[in-house]
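We begin with a single chain expressed as structure tokens, specifically the form predicted alone.
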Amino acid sequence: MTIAEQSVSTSSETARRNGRRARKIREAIEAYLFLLPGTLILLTFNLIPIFYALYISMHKWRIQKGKFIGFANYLKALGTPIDILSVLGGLGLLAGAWMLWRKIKAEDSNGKLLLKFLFAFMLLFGGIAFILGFPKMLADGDKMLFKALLITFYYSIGTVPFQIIFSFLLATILFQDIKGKTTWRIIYFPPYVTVTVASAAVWQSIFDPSKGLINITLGGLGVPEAALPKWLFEAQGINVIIGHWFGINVPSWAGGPSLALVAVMIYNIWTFVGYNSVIYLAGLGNIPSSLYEAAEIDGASRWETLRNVTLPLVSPTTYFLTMMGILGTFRAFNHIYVMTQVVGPVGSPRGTTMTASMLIWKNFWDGNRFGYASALAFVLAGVMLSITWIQGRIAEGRVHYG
């Protein structure tokens, strides 16, 4: 090859490289231009407000910005730094021990004994740190916050499992070849799309102790007027009330959620069962009919088909609805406020409907403690992220994606 040919070959190779580089740059610019509108929206309406709320939480902010106080609002909510480090460190060690134990069960090597010693160490010290730190956190922190978190926990436990069970059963029935199933599907969905304020106001009237539909019905069935439940006006725990019916003296600490909170739970279940059923119907529709045919050929009963085919294949739907349901209960506000405002101040009766989101609103609106309310919002966000992480770890190996 002559010098001239080598020069031409080198020039063409350089031109190709430059062309590829220019094409990559052009594609990158186009990609960033497509991402720019979404990024601006995300920054404007999500990230910037979050960082601004974090900024507010580090100030003594009452209507107007006060002095910078660092993490004082967080310490007021959660207790001393030692308490927080002890609880968080203990929970971290316990979570690490649980993940390590799962690895040990799957491990088959000579290092298994060492991993077991490490697991025992993490479990022991994590448990000690948590047991020693949590009571002090309860004593030194904001007692209203921990009570609100307990009420929110009651609210979540009392709604999400029932939503999942009822909606799955309803979806299974509506998935069958029954007459008018399209009409039934439509009937069960409106509670979710109805304006929350309007539907909550209707349920408030239904639970009215004197002229509500439920108590009128109970009175018509022969229940004495003195024995009619007060519903939204009742601060006594549901377990205490049931204990009175059977002549059992239930201690107050085991009283459970108040009857007022149970009434709100009933509304929540009524609202979301139809929505969850629609999601379950979509999940059931994605299961191949050949699997049911194979199960029938193998002689599987309906229960065995449900347990071994349907439930595993709708587990992603169950996981999604459970996660969204729990997070929704921790963010619930509108319907609780509307249903309980007739009773008295926020959280009435006697603070038994004061969920975490209601407590944040009370500090923000009634107390004008913007800094402290923002700090509580971040604490609640941390709790919600922790719950999401725990759900994700529990779901591993139990959720089947086809």
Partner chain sequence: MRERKWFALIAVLALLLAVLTACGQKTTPTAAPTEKPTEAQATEAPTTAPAETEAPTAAPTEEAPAYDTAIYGDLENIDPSGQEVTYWYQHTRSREELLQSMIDEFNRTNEWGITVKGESQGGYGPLYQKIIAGIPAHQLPTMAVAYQNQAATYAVQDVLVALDPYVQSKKWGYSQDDLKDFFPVALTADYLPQFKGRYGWPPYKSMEVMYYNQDWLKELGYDGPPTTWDEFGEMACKAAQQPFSKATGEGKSLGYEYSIDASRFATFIFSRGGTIIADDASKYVFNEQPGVDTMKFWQDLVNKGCAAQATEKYGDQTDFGNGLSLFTVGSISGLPYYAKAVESGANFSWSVNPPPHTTAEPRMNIYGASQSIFKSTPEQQLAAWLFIKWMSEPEQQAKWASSTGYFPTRQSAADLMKDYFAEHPIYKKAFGFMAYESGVESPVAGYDECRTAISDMLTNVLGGADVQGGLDGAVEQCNEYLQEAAPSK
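In this text the structure is predicted, and so the values were computed from the model without any measurement. Residue numbers count along the first chain shown, from 1.
Absent from the display: the form predicted in complex with its partner chain. The rest refers to it.
Peer 1: Counting only non-hydrogen atoms, which stretch in 275-283, 203-211, 116-124, 163-171 is within 4.5 Å of its partner chain in the model of the complex?
Peer 2: It is 203-211 that comes within 4.5 Å of the partner.
Peer 1: Can you pick the one in 365, 68, 333, 51 that has a heavy atom within 4.5 Å of its partner chain in the model of the complex?
Peer 2: Of the listed residues, the single hit is 365.
Peer 1: Is residue 346 part of the interface with its partner chain in the model of the complex - any heavy atom within 4.5 Å?
Peer 2: Yes, residue 346 is a contact residue.
Peer 1: Residue-level contact is defined here as any heavy atom of the residue lying within 4.5 Å of its partner chain in the model of the complex; does residue 319 satisfy this criterion?
Peer 2: No, no contact at 4.5 Å.
Peer 1: Does its partner chain get within 4.5 angstroms of any non-hydrogen atom of residue 34 in the model of the complex?
Peer 2: Residue-level check for residue 34: yes, a contact with its partner chain.
Peer 1: Considering non-hydrogen atoms and a 4.5 Å limit, does its partner chain approach residue 369 in the model of the complex?
Peer 2: Yes, residue 369 sits close enough to its partner chain in the model of the complex that at least one of its heavy atoms falls within 4.5 Å.
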